[in-house]
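The form predicted on its own is given below as one chain in structure tokens.
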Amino acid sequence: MKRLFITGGSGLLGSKFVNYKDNYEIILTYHHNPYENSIKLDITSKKNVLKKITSINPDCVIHSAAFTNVDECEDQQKKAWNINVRGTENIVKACQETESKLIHISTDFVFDGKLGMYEEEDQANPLGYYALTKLKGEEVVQNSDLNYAIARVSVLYGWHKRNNFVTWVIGELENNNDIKVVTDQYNSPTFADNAAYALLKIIEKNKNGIYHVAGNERINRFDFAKNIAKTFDLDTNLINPINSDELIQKATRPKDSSLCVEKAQKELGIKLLNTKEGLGKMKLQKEKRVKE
């Protein structure tokens, strides 16, 4: 049974690996948000990272921990660099010690959004500081001698104790609150459960290099919100369209950072879900919990 060490184990993506504890030995870590049966890890501490990873000696490290608040990264650039770049350097060094495979989680935001439907080999050009640190983290991994894969995701969503775009929309509409959603930002929203499965396929097939493990769709935020409302039988009239120019956002967002997932689907032999399919899975999960 392979031993997997998950950084960011209390986050949306990292927490999904508990569903595979019958097939893998899963070690979840957290920093600020304790999670059931998880261990504390500070990825900015080289000493702490080396101690934890060398003592556990995992077959693979899935590095999903990151400072992901796009606007806060503009104001707290030192913190963003320490977590997203230095932290990744620490993880790489530990993996070199244990000869563990590394799967590094990155983002569609490494692209400038001028093209859309980006393939893995397309030129990155980050617009904001968060995106810059994530690209530099990718480069740290690529410049190592590790057995590695980089997995880029886009707008992760799913059930979790902390809000993401989907659970925020559901909560607001359930309370009959009007919301404003942009029509001019396109992504490939990623069902976290589906992405976790894809990452396990990368391990199982021992794949290397960059993979886009996002949703199989290019969609703007407004249409995504409409799909959420329709799936959960909520009022679509509460969703009001706006342009990005009407929002006050410190960091510049790419207008179209949608990802092409053909490589991942073909090489991993999996289906990556569009938003209607992913949201349908979420609805089934909710119904199952209600029955239990």
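All residue numbers are counted from 1 along the displayed sequence. Keep in mind that this is a model prediction, so the values were computed, not measured.
If you look for the form predicted in complex with a small molecule, you will not find it shown, but the lines that follow are about it.
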**Message:** Between Leu13, Met282, Leu273, Leu268, only one gets a heavy atom within 4.5 angstroms of the small molecule in the predicted bound form; which residue is that?
**Reply:** Leu13
**Fill in**
None of Ala66, Cys60, Leu234, Ile239 but one has a heavy atom within 4.5 Å of the small molecule in the predicted bound form; the exception is Ala66
**Message:** Taking the small molecule as it sits in the predicted bound form, is Lys230 near enough to touch it, meaning that at least one heavy atom pair lies within 4.5 angstroms?
**Reply:** no
**Asked** Does at least one non-hydrogen atom of Phe224 fall within 4.5 angstroms of the small molecule in the predicted bound form?
**Response** no
**Prompt:** Heavy atom to heavy atom, is Ser100 within 4.5 Å of the small molecule in the predicted bound form?
**Reply:** no
**Message:** Please tell me whether any heavy atom belonging to His32 falls inside 4.5 Å of a heavy atom of the small molecule, as the geometry stands in the predicted bound form.
**Reply:** yes
**Request:** Would you mind picking out the stretch of 118 to 126, 204 to 212, 149 to 157, 171 to 179 that comes within 4.5 angstroms of the small molecule in the predicted bound form, counting non-hydrogen atoms?
**Result:** 149 to 157
